[in-house]
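Below you will find one chain, with nothing else, as structure tokens; this is the form predicted on its own, and questions on how it binds or moves follow later.
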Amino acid sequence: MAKITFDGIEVDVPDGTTILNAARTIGGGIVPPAMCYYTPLKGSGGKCRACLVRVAAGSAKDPRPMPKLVASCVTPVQDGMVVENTTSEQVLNVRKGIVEMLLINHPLDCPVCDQAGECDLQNFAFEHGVSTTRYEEERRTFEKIDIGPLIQLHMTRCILCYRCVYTADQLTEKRVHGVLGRGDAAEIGTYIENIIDNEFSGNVIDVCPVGALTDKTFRFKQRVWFTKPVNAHRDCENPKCCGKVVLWYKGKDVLRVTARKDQYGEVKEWICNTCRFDKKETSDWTLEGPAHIDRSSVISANHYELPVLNAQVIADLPESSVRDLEQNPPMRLGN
């Protein structure tokens, strides 16, 4: 085990844990943002530089600070390490520069982007960006590429996080897309106009942190904050599919189906294209209840999460209230 100090908080983590995952064991607002790192995907991380932190002391044996900021998603902890994130002015200033770099070629099309409201880049820019840009050159543009009937590619929105490439590489046996070109000409594409049609291709939509890869079957249908997410599951015929999903309702209609994500926006269990694109009737699923929505998310608009009162831990709660809570327990989410 290694003991590190992260923003003044001591925590013990297993040897080999990255600084980012060590921060996640603490949780809260001190966790560095991550635009390319994705826990289930081997090899991800170290590309977007959004998670840079300052190592004020390398270890107990060598307490010298690291000369430069390091990517917390790929840097392992050392016993006695001291890390600064939100407490370092240098880190916060550099993070503003990272936001500016990611937005240099990004189109200002949030009002028409299907990812709006659940976009990691939107959240990152809101928390760490500035309201103006110094960039005056012409933005990058790409020829539109059709990668199939289910997934829409907007290359101008891509930040080259490589998540979709790792997903296709590690979930399927026939990856047909990747990063073509170099430098500012690098782009996600398929060589000789192939289409992405394997059984788990839809998962690239869930892992994309921006609106570069979106669901064609959900395209322009509804804003996510006008929909109601509900957890559901089914016994899928595909042994690799977990069958656990989130159904996004508008009224009684299921507009889209996505895999479930954790508090850091990561999918832990993957779903197949049959569950994602073909099963859009409530009768296809066993409903579990409303999905939890982070109150800081714009999706929470018009969705009210009521506090769950535990009569056993609330002193002097009236007997009538205890009776009411036992007979009519409050719902976790309503609208």
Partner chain sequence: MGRKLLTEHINVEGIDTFEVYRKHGGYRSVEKALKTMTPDEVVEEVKKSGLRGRGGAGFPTGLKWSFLAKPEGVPRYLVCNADESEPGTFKDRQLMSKLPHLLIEGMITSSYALGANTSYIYIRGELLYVLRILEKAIAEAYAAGFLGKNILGSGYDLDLYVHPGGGAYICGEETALLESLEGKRGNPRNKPPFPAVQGLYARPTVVNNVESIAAVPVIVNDGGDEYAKIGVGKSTGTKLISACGHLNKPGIYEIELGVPVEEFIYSDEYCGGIWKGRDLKAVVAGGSSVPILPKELILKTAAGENRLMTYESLSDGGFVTGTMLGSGGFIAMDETTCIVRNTWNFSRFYHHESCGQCSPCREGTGWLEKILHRLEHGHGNERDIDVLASVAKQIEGNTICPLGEAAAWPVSAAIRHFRDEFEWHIRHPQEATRPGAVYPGKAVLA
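Numbering follows the first chain given and starts at 1. Fair warning: this is a prediction, and the values are worked out from it, not measured in the lab.
There is also a form predicted in complex with its partner chain; it is not shown, and the following applies to it.
At a distance threshold of 4.5 angstroms between non-hydrogen atoms, Lys61 is out of contact with its partner chain in the predicted bound form.
Of the heavy atoms in His154, none are within 4.5 Å of its partner chain in the predicted bound form. In the predicted bound form, Leu69 approaches its partner chain with a heavy atom inside 4.5 Å. For the chain shown alone, Glu173 is not a contact residue for its partner chain in the predicted bound form, no non-hydrogen atom being within 4.5 angstroms.
Taken together, Pro239, Lys268 and Gly289 are entirely out of contact with its partner chain in the predicted bound form: none brings a heavy atom within 4.5 Å.
For the residues Ile104, Val130, Ile195, Leu92, the 4.5 Å heavy atom test against its partner chain in the predicted bound form is passed only by Ile104. In plain terms, the part of the chain that comes close to its partner chain in the predicted bound form, with a heavy atom within 4.5 Å, is 154-162 out of 227-235, 201-209, 114-122, 154-162. In the predicted bound form, its partner chain lies within 4.5 angstroms of at least one heavy atom of each of the following residues of 132-150: Arg134, Tyr135, Glu136, Glu137, Glu138, Arg140, in sequence order.
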